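Let us start with two forms of the same protein chain, each given on its own as structure tokens and named structure 1 and structure 2.
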Structure 1
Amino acid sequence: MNQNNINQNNIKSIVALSNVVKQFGEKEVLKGISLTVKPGEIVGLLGPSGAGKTTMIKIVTGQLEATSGKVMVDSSSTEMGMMMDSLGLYERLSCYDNLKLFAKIYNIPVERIDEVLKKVGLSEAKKRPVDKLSKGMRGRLALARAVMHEPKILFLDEPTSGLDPTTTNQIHELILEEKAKGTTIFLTTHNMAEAEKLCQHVALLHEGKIIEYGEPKEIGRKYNHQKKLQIRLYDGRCMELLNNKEAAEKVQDYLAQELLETIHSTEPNLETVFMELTGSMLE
């Protein structure tokens, strides 16, 4: 466990978990989780299916109680927005009516409904009942409901799981828009690229433990043992060189001969880090 890596700077955190354990009967699903989330950032909880991501979100949002440990969330439940893996939409009601129910409950003007429907690209489908929507549209509707009351903190449980790349990108855009407004976002995913793209900090969750925590780039660099250089020459040759003195001389040669087209230093991505730490793949 790399608890030392958890940034403990002096900005007040909006979520703080300390040594959280969750058992279902005999089975220990979370084995001492400590994690803090700072206001305004996107934190990603990354792990394969069954790692305990949903359980953790449920504990933070108060849907489940931890067996032991401390959970602090600096936000009232009306200041939270969430999109769980089972979306919880009324199948027979239209998009509009689904949101209208919550507009009433949150006591926000009904004009806001059209606004958020437009934002998630469902204006055209506003009268359509949920059971006639595609999976991606349902996801966007659930996201619209999660953000319609402008929550202070947004919880997204695998918001793009099982969606096509186009819809995934649309949802990423929406998530980034929310962040730009200053919303703190806590999301889970088993998609490395998603975490790298969206998150300021990621926690790698494996079998109920956080095995690594930090900025995605930082983690990549930390596990960059091989430090390879990828080189492409004008004559079409591509090669990988170890990042050492020998390579420097070679590169110098290529430069002198004006052969060098591109040169990259490679960093392992979160996927390879995860592989190295656990010996298993994410998906």
Structure 2
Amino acid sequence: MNQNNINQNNIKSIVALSNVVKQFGEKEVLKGISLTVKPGEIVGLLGPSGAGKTTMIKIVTGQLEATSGKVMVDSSSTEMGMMMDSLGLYERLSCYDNLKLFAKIYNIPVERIDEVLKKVGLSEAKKRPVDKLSKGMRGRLALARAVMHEPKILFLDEPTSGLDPTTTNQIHELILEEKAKGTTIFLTTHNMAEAEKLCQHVALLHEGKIIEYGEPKEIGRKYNHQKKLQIRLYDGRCMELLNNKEAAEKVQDYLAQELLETIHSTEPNLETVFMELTGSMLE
């Protein structure tokens, strides 16, 4: 799919990129990226290392200048939060003191520190120096700092990488809370279930281009070549049926006999779609 043909609605965008190209010497890292993001949505940026995700974020945040093309960020939404690895954390300072320093810079009430530490599950580690934290804990501290000043646009790079399921769910709840406040969120992740759970739209990036864009489930339906139903009955039998009128009649019979245990359609996940389009894995 050519990213220049992405169908965008006329609702005012908070971020818009139009045919953005970025070159480093002879190397073209972004090759004509076009993307429109509406206020309050979560957009997933999915692609392997080197696909252009970080470069794209740095251009949107003003850290890099595009070689050509246009970048628009709503002037009323220039306050941004970023979680990019453990960037900017002070190793010898405690979790609390790291956030206290950040609070002073942004003139944030110190009461907010304990609030965000609790949300990311670091209350018990508040006095622990950063150099004594695990990788996952560092990531959570970086997330706490990113949301502390309640930014209008939030950039999250692999926010749940290396975390246990319980903490991952807590982080997901925090991300959804930020969305409910109206925060626009850019999320990079290799976790396809995470993208499908959180993102309203996803952009699949490969070698500097957006090769597919849309709602996660819509993308799955678009590439559902099999169009089958996978059925499991209570007696242990499993079968695949073509998704047609005949299958509907069989399913109705199984339901009437109380034999049907599970039924699933065969839409591919985002990983499978990416492999179909590129021949390679997302990671």
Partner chain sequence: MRNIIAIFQKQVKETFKNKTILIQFIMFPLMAIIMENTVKIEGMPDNFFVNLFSSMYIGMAPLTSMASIISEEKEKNTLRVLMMSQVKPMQYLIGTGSYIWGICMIGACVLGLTGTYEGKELVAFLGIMAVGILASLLMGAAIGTWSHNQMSATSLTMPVMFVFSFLPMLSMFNEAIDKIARLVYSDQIYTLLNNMGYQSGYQLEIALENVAVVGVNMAVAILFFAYAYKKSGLA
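Everything numeric in this text was worked out from a predicted model, so none of it was measured. In this text, rigid core is short for the largest set of C-alphas that superpose within 1.5 Å between two forms. Quick note, the numbers are simply positions in structure 1, starting from 1.
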query	finding
Selected structure - the one that is the form predicted together with the partner chain	1
Is_shifted Asn98 between structures 1 and 2 (CA, 2 Å cut-off, rigid core)	no
Core fit, then Lys209 C-alpha moves 2 Å or more between structures 1 and 2	no
Gln257 C-alpha moves between structures 1 and 2 by 2 Å or more, core aligned	yes
C-alpha positional change at Ser75 between structures 1 and 2 - rigid core reference, Å	4.7
